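Given as structure tokens, the chain that follows is alone and in the form predicted alone.
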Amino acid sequence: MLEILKYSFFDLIRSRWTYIYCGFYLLFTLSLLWLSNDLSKVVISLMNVVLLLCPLIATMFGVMYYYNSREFTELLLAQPMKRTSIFLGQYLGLAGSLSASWLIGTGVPFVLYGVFGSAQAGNFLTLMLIGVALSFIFSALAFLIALKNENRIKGFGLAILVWLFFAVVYDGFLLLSLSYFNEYPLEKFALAASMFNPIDLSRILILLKLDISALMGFTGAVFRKFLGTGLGMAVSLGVLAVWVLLPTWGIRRVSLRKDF
């Protein structure tokens, strides 16, 4: 698996799309740092981008890489190798390359700006961790969808629908529920519902880390009371880890049962 992981990682790192992805973050971050000297404002601006762009790019790359490497995968399957080693190696190589592009494109400008010598070092590390987690989560979901669907059009469509659901539709349903049942105490419900959406959970963690949860009203106070504690942060990071592990387990399970 490590050999396949290394091959997939370096194969994707040499792709021009990876350079474009990394270059976008590099130029965007440099522009924000040039326009503002307040690192907390830069982190907030990047948060609004990473919560949509990282999942979207991970979803698209995951589906594209699986279908484009189908012939190479069939060649590997003809060798005396475990199926799980092949597909998990490809997935980890994909997620690793996306995470490296994110870390380099966004991290280098911050490091050159001296973020580790400022009070925003913790917020910066939280943002970096969130970007990596979202890259791993949505590339795993996309890889799992592609693995279960031979039809490319159907695979692409389902992957985009999954991203659209978590990025837009889920929030819409949640807001409708909160507004419709506004006479009831729904703070705990909102807290629990956020755990079922990695994008929402990531947004809340960044807002709490930046200590601007007051923008979320009374619900933000509830989030602050639980997620703002050490136990709450540990539970939240644990939930993000579960979001990574579940689709990874799904990839392993489908690859064992799928008839290639």
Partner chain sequence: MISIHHLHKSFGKNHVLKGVDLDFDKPGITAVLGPNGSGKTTLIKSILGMVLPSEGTIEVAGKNIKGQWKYRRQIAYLPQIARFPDNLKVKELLGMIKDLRVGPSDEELLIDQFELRPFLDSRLANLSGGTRQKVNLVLTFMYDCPIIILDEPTAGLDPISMVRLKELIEHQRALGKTILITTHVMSLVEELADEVVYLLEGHIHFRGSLKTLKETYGEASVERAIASLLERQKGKLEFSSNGHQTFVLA
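Bear in mind the structure is a predicted one, so any value in this text is a computation, not a measurement. Residue numbers count along the first chain shown, from 1.
There is another form of the same protein, the form predicted in complex with the partner chain; it is not shown, and what comes next is about it.
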Legend entry - 4.5 angstroms heavy atom contact with the partner chain in the predicted bound form for L129: no
Legend entry - Contact label in the predicted bound form: L103 to the partner chain, heavy atom within 4.5 Å: no
Inset, instruction - Using a 4.5 Å heavy atom cut-off, state whether M81 contacts the partner chain in the predicted bound form. - result: yes
Inset, instruction - Although the partner chain is absent from this view, report whether S36 comes within 4.5 Å of it in the predicted bound form, heavy atoms only. - result: no
Inset, instruction - Would you mind picking the one in V108, L75, L161, L125 that has a heavy atom within 4.5 Å of the partner chain in the predicted bound form? - result: L75
Inset, instruction - Using a 4.5 Å heavy atom cut-off, indicate which stretch of 153-161, 109-117, 82-90, 137-145 touches the partner chain in the predicted bound form. - result: 82-90
Inset, instruction - Note that the partner chain is not shown here; using its position in the predicted bound form, name the residues of 1-38 with a heavy atom within 4.5 Å of it, in sequence order. - result: E3, I4, K6, Y7, D11, R14, S15
